[in-house]
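We begin with a single chain expressed as structure tokens, specifically the form predicted alone.
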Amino acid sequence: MTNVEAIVFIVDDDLSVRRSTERLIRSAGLNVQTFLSAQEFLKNPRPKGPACLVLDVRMPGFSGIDLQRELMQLGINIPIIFITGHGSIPMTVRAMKAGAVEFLTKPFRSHALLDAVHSALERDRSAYKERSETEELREHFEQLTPRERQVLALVAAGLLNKQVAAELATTERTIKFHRAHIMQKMGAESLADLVRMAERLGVSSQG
């Protein structure tokens, strides 16, 4: 997997806060994109790679909490750091339960935000690595023929070659041939490796 640069998104309707936050994060050598509203952020295609979102809670119309909820519904997993001048314990608890990394009340210390950003990016780097590896596995899986996928599912279910052969009404020699091709296409170094790949992809003998 090639190294992809991380990016920090800032969504805040206050221009002065947006600019000062951007300067602070850029001073740490990080890439930044800023948005004045949640709607503007949603319209912008998210680049590939690790990212986090520094998000103001109270914005006209579509609030930060609303954006967090919308991202969850869209299946977009991005670590969020909330900043607000009007924090409350119930709001903080709600945001953290929904997966926020941090909830900072203005005025906050610069190092507190930078620490939260670095923590969020580290979290997303791990998630990005996992997503990339799963995507690569999926691409390999797509190269398998329909019969090879059947064999993979049965092998992953723990069946021996002769049992897979009986299940598919073919010979054990044919299954060995298919299995060798599957190992090669999937880039598996061992049977255990292949089984782990199948589990990660959710491959099932039930089809």
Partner chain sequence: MLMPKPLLWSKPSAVMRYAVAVISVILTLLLARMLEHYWQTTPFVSLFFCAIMFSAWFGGLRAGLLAIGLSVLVFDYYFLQPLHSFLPNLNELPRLILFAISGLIVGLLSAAQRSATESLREARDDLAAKVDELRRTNDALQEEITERNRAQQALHKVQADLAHMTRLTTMGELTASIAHEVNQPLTAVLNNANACLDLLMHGAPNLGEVREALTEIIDDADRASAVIMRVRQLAKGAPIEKSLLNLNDIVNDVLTLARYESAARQVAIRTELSEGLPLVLADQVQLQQVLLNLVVNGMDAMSAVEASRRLLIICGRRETRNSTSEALISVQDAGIGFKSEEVDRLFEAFYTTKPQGIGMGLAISRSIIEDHGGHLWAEQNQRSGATFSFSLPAAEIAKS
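Residue numbers count along the first chain shown, from 1. On a predicted model such as this, the values are computed, not experimentally measured, just so you know.
A second form of this protein, the form predicted together with its partner chain, is not displayed here; the remarks below concern that form.
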message: With a cut-off of 4.5 Å between heavy atoms, is Pro146 one of the residues that contacts its partner chain in the predicted bound form?
response: no
- prompt: Would Leu114 sit within 4.5 Å of its partner chain in the predicted bound form, counting heavy atoms only?
  reply: yes
- prompt: Any chance Pro60 has a heavy atom within 4.5 Å of its partner chain in the predicted bound form?
  reply: yes
- prompt: Is Leu24 one of the residues lying within 4.5 Å of its partner chain in the predicted bound form, judged by heavy atom distances?
  reply: yes
- prompt: So in the predicted bound form, are Asn77, Glu122 and Lys129 all sitting within 4.5 Å of its partner chain, heavy atoms only?
  reply: no
query: Exactly one stretch in 176-184, 135-143, 52-60, 154-162 has heavy atoms within 4.5 Å of its partner chain in the predicted bound form; which is it?
result: 52-60
message: With its partner chain taken in the predicted bound form, which residues across 5-28 come within 4.5 angstroms through any non-hydrogen atom?
response: Asp12, Asp14, Ser16, Val17, Arg19, Ser20, Thr21, Arg23, Leu24, Ser27, Ala28
